[in-house]
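A single chain, nothing else alongside it, follows as structure tokens in the form predicted on its own.
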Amino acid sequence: MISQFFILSQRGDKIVFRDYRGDVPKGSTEIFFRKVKFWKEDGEEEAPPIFNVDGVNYFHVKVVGLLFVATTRANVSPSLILELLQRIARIIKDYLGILSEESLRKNFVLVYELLDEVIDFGYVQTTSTEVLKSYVFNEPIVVDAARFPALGPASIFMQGTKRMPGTAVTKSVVANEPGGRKREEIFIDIIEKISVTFSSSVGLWDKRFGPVITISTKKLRGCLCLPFPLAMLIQISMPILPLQGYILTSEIDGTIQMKSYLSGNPEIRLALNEDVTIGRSGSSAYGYSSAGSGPVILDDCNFHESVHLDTFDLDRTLSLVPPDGEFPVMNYRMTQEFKPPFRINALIEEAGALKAEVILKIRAEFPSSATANTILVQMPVPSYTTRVSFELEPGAVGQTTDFKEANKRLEWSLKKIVGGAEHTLRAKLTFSQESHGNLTKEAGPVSMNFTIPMYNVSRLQVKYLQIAKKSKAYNPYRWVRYVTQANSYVARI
């Protein structure tokens, strides 16, 4: 049960506002925006998705720069409200094609009509685009997509040398093409968000013993670090690893998203790898599975209500009649060992009185045929850091650095990284006081954000996509795309 719903721009302008119950002050939009803009509680720089002000609970999500907000005085499930906000954003995008401030203002009549059907007196009625088509009849006013930057993974994929049509993310499910015809096509996105935590990187030099050797120990599922002189006295029969952190935790949260523009809602058959296994049986192997070998083991998964699983156990084929709009065909989680797309090495050491040096090195472990973009590497530094000077590698292109003094954090942005490439950043820190403890405990961890189009680490693939034919000439366009994104990609120092 919610009391109000509203959408704000990045400037705090009220674009859409609906009051369902009248028990929350009308000035809640201004209260909310001021609280979010000047949030300084709990040492956080950004407001959490849920907070309370004067007995009113505020829930919000940020979608393409717009703030979707719900308020209530009741004690409701946070997960329910946050999911509702995401679904409202998806419904509006299904109808308008483009989710932006301009499209909302031009289609405010349609947006309010959708809100009245989705929520009645604060209670959710439906969040299905398919159901809403029976009650909402206003046509959207189409906004030119060429004036907006590409949003979402669907606009950046390549398949061979043929670029995916930009209309994939800017087309309304209810509006026809110019001329009254509807282009028959279907889009499938396999989106994987990976979480990896690396242990502390072993320094290249120990002040007491000199260089350090890292030895893998399969039985211990970890690494044994020995000073160089001591390591030479021991008969080593185990492989020696590079001087870098090993993986502590790794997980993949994946989803198969579908958006259908097929008229008549024909039946679809979607086939996955035949070696897909659901549920972990037996002990897992140590180390990484090489690309293209071994089964794909999913810890758990769930399917959309329209999916039929009659033959899934036999040939890993899903059959469904897709509803209108964008929806998740399948969600899955995987903790099987996989080769992380990036290796992160971080080192911080004293470099004289009131000074220290940071070395960050990232290496792309994926094939050279793939390219990562929008890469951002961040590293907190000691709170008494006053100045930072950066040194990029010679010939660096498309790289920027910054020191966020308010948050005491280094930021390293890279426009793109080709598979197999390696990049290094050196930073010299100046302190206002001497460090009385271990620098590695006062700095880090290093976090990384990135997107890799047309690449997935789980090796889950769509083998084929069959569409029930209405006639011999019926041959709709099929687009299958992959993307890997960082969810929580962290390396300890």
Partner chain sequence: MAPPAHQTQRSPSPSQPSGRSEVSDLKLQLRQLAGSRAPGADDSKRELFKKVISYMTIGIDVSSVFSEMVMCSATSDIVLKKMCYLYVGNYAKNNPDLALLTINFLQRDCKDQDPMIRGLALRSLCSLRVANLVEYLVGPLGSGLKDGSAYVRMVAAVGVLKLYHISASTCIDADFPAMLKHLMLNDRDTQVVANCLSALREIWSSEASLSEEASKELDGLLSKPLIYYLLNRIREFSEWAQCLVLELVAKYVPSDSNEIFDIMNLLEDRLQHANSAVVLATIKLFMQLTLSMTDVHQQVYERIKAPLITLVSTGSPEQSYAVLSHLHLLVMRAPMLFSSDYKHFYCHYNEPSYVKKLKLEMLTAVANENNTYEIVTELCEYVANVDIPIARESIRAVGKIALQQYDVNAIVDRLLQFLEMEKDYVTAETLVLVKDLLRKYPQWSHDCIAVVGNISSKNVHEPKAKAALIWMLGEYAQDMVDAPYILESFIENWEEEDSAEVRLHLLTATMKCFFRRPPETQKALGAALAAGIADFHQDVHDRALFYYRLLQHNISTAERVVNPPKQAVSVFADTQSSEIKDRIFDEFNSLSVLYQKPSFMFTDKEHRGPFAFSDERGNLSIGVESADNVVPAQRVEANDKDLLLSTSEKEESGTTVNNGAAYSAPLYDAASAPLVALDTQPVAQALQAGLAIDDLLGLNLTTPAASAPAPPPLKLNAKAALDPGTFQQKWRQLSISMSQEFSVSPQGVAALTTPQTLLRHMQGHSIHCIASGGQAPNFKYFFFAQKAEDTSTFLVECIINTSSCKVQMKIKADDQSASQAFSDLFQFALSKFGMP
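Superpose the two forms; the largest set of C-alphas matching within 1.5 Å is the rigid core. On a predicted model such as this, the values are computed, not experimentally measured, just so you know. Numbering follows the first chain given and starts at 1.
A second form of this protein, the form predicted together with the partner chain, is not displayed here; the remarks below concern that form.
S.K.: Within 4.5 Å of the partner chain in the predicted bound form, heavy atoms considered, which of E113, E184, E101, E365?
M.R.: None of the others qualify; the residue that does is E113.
S.K.: With the partner chain left out of view, choose which of R73, R316, H423, K339 has a non-hydrogen atom within 4.5 angstroms of it in the predicted bound form.
M.R.: Among R73, R316, H423, K339, a heavy atom within 4.5 Å of the partner chain in the predicted bound form occurs only for R73.
S.K.: So in the predicted bound form, are D13, F51 and F59 all sitting within 4.5 Å of the partner chain, heavy atoms only?
M.R.: Result yes, every residue of the spot touches the partner chain.
S.K.: Should A89 be counted as a contact of the partner chain in the predicted bound form, where contact means heavy atoms within 4.5 Å?
M.R.: Taking the distances in the predicted bound form, the answer for A89 is no, it never comes within 4.5 Å of the partner chain.
S.K.: Would you please decide whether F303 lies within 4.5 angstroms of the partner chain in the predicted bound form, comparing each non-hydrogen atom pair?
M.R.: Looking in the predicted bound form, residue contacts with the partner chain include F303, since a heavy atom lies within 4.5 Å.
S.K.: Answer for R333 alone: is it within 4.5 Å of the partner chain in the predicted bound form, judged on heavy atom distances?
M.R.: Contact check for R333: yes, within 4.5 Å of the partner chain in the predicted bound form.
S.K.: Would you please decide whether R18 lies within 4.5 angstroms of the partner chain in the predicted bound form, comparing each non-hydrogen atom pair?
M.R.: Although the partner chain is absent here, R18 would touch it in the predicted bound form, with heavy atoms inside 4.5 Å.
S.K.: Which of 414-422, 347-355, 392-400, 249-257 has heavy atoms within 4.5 Å of the partner chain in the predicted bound form?
M.R.: That would be stretch 249-257.
S.K.: Using a 4.5 Å heavy atom cutoff, which residues in 394-429 contact the partner chain in the predicted bound form? It's fine if the answer is none.
M.R.: If the 4.5 Å heavy-atom criterion is applied to the partner chain in the predicted bound form, 394-429 yields nothing.
S.K.: 2 Å or more on the CA of P476 between this form and the one not shown, with the rigid core superposed, yes or no?
M.R.: It does not, since the P476 C-alpha is displaced less than 2 Å between this form and the one not shown after the core fit.
S.K.: E411: after superposing the rigid core, is there a C-alpha shift of 2 Å or more between this form and the one not shown?
M.R.: Comparing forms between this form and the one not shown, the E411 CA shifts below 2 Å.
S.K.: With the core lined up, does the C-alpha of V61 move 2 Å or more between this form and the one not shown?
M.R.: Yes; that C-alpha moves by at least 2 Å between this form and the one not shown.
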